[in-house]
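Just one chain follows, in the form predicted alone, and it is written as structure tokens.
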């Protein structure tokens, strides 16, 4: 059998290193667990709000409002131009729907005016305050 004689300082160092690792592992997993709980609560809250909006017919009204506001501010035309750019870059025969979505979505979201976002958020808040239980 192979045996190695270790100094007591080395043993203490290894013990401390393992203890620190264990503490960090526990702290990390605890943080990750708490983050998952918060995300779970947030996703449950979003689902409940969405369900309420659907049940009361408000979701469709908000979608229509959003559609009208985006057309009014010229957003739709800007996104159409972005689609044309992606098609030119890739070529009509080579472009897929996934290419269009991937190329246009981030830019399209960034082009939504803050005023439209704020108005939509105000409408949602007003709806929730009127229908909170």
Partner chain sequence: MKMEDVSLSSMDNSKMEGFAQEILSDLVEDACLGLCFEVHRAVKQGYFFLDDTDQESMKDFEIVDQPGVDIFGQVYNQWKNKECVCPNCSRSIAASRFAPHLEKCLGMGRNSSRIANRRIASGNNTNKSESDQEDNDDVNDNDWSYGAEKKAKKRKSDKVFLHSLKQPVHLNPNSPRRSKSMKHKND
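All of these numbers come straight from a predicted model, not from anything done at the bench. Numbering follows the first chain given and starts at 1.
Keep in mind the form predicted in complex with the partner chain is missing from the figure; the text below concerns it.
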| query | finding |
| --- | --- |
| The partner chain contact at residue 83 in the predicted bound form, heavy atom, 4.5 Å | yes |
| Contact of residue 52 with the partner chain in the predicted bound form (heavy atom, 4.5 Å) | no |
| 4.5 Å heavy atom contact, residue 59 to the partner chain in the predicted bound form | yes |
| Contact test in the predicted bound form: residue 90 vs the partner chain, heavy atoms, 4.5 Å | no |
| Interface residues of 106 to 122 toward the partner chain, as seen in the predicted bound form [heavy atoms, 4.5 Å] | 108, 109, 112, 117, 120, 121 |
